[in-house]
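Shown next as structure tokens: one chain only, the form predicted alone.
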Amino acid sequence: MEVVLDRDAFLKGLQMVQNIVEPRQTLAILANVLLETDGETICLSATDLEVGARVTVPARVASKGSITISARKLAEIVKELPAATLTMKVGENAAVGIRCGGVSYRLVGLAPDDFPAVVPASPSSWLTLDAKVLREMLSHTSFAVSHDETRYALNGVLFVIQPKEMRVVATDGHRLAIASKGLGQTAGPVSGIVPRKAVSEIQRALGAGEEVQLAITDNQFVLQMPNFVMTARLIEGQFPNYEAVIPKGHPGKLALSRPALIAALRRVSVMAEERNKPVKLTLSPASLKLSASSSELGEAEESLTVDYAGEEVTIAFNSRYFLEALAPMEDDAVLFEFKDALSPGVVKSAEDDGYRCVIMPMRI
């Protein structure tokens, strides 16, 4: 195999797949990226057997072939090369030569025979949507994914594709985030739990303008963009009944300035206990008081003027959960819905855009 590549395009392609490669692998070849010619392109593939990705980079192909090379080392080399064309040539015994400008490298590769297949047969049907929409839906939910490995079904994001709507849901048992979007096409019904690592890589790969296609089969999630395909093995297990968690109605509703609320939460939470960052929200007529205290550090309190005329209510939340629910929102106004000290609160946009986050209260 011998190819001539643009260094910048090659580096961008490597960066789209290299994070899938795990530092420690049971199989040596899984630490490598597969390079294979295809017409006037070269395909870069990486997999950890759970998540896989393939990206296509334009190339001038002098001779066809394929090889696998250490993903980490290849990315390190290409990152340091000057912005010029580079030549890659595979010699005897899987040796790979790279030349760019006045520098040359010789790398030890591995034959591609044992490299696992990355891209499956094309699904029977695709759902097409804007990359910006998918990126926003994931940013509105992925923060709530659980990192508790004993609750495996919560270690990913649930995709629910219905005939006229798509939902993306995540929960760690303490908070639940859901984003909904109406579809202009008939799709589904189908659902699947996409693992946390795949969600992170999808967010990294998504651009701003292009359309993406996604599909869910019996055991795989597939995302496709121009010159890029990603697959992920779905998490087996039962996702909680998220609809039962979402309160159907709250007697208390409060409209707030999102920037003001974020700033107050940050200031007050500086004095909260480090383990779970509890902050009390006390609502009384025309006032919202935020307070936090620590037996070792002291206490903090801040009041905001609000449009509220109901009875006094005090609810405590993990301030980090509250801030993470507010962070991906773009509107200046936010709605906080509540009932009492023992009931979950709901944070959502004042303009109902399909996003809401349910946060369980704390006892302090």
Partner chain sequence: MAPRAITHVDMDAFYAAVEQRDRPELRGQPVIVGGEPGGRGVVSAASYEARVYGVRSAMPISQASRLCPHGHFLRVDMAKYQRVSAEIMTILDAFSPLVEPISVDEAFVDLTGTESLFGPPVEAVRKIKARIREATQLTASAGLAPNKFLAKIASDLKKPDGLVVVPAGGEAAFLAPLPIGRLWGVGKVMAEALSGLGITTIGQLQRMPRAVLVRRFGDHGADLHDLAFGRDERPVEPDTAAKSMGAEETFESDCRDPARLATVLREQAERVARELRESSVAAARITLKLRFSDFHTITRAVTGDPTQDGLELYRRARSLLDREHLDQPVRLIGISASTLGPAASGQLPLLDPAMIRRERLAKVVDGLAERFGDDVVRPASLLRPPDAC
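Residue numbers count along the first chain shown, from 1. All of these numbers come straight from a predicted model, not from anything done at the bench.
Keep in mind the form predicted in complex with its partner chain is missing from the figure; the text below concerns it.
Taking the partner from elsewhere, F338 is found to have every heavy atom lying beyond 4.5 Å of its partner chain in the predicted complex.
Using a 4.5 angstroms limit between non-hydrogen atoms, E80 is distant from its partner chain in the predicted complex. Looking at R175, you'd find a heavy atom of it within 4.5 angstroms of its partner chain in the predicted complex. Within 4.5 Å of some heavy atom of its partner chain in the predicted complex lies at least one heavy atom of V358. Of the residues given (D148, E236, E76, E211), D148 alone sits with a heavy atom within 4.5 Å of its partner chain in the predicted complex. Contact with its partner chain in the predicted complex, defined as a heavy atom within 4.5 Å, holds for exactly one of S293, N227, S284, N276, namely N276. Residues of just one listed stretch (328-336, 315-323, 61-69, 37-45) have heavy atoms within 4.5 Å of its partner chain in the predicted complex: 315-323.
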